[in-house]
Ligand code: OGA
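Next up: just one chain, as structure tokens, the form predicted alone.
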Amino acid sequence: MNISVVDIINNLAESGRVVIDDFLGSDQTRKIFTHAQDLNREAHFTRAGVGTAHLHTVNKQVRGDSVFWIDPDSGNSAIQSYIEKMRNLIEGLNRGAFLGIKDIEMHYACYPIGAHYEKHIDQLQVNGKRVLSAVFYLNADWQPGDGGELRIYDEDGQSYEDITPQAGRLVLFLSNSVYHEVLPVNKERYSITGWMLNQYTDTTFVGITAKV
């Protein structure tokens, strides 16, 4: 990780977002990438939707990715390195900024060619438990023209920053206020998308017919 926890907190306070390169080593990132690909090939991913509970809908025109919810206690060696690093980061954020983060939830996301996700914020209407959103990119050798950038908007809603989905890169941003979108991808794109929560999760993991 190329940035201190203090700098992460300062960036979040100033702009609502921070980009952390080399969050995890290349070998560990590659193992996670392979794990996600294997699960997708074995048809364990499901079409992603928008909203939750009775508000949940699937609309390919809004978002076109498929997901596999990750059980943080699964014990799979590929994903545990990431989960451990995230929990250490949460400990530092709570100690330095008193964020009151109690838990995490996360899923693999796969964007097939042509898929995108329209502009939105991550905080759900039915509860306010998401504090920080976290996106960790898995594809190695992502090239200009491959698309799939994360477009994060400034407070004015007009200016923005496009963040390349580079392997090993973690992007953190405020879940309740930062508008963002995923631009159309020209090559299949994998990531881990997750949220740091101010409540203990009651998520029923989707797709855990194969233990991760």
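On a predicted model such as this, the values are computed, not experimentally measured, just so you know. For every residue, the number given is its place in the sequence shown, counted from 1.
Missing here is the form predicted together with the ligand; even so, the following discussion is about that form.
Looking at L150, you'd find a heavy atom of it within 4.5 angstroms of the ligand in the model of the complex. A residue is said to contact a partner when one of its heavy atoms sits within 4.5 Å of a partner heavy atom; H180 meets this definition for the ligand in the model of the complex. Taking the partner from elsewhere, H35 is found to have every heavy atom lying beyond 4.5 Å of the ligand in the model of the complex. V135 belongs to the set of residues with a heavy atom inside 4.5 Å of the ligand in the model of the complex. Though the ligand is absent from this view, in the model of the complex it lies within 4.5 Å of a heavy atom of just one residue from R169, K31, R63, H44, which is R63. The stretch among 22-30, 139-147, 36-44, 180-188 whose residues place heavy atoms within 4.5 Å of the ligand in the model of the complex is 180-188.
For the stretch 101-123, the set of residues having any non-hydrogen atom within 4.5 angstroms of the ligand in the model of the complex comprises Y111, Y117, H120, D122, in sequence order.
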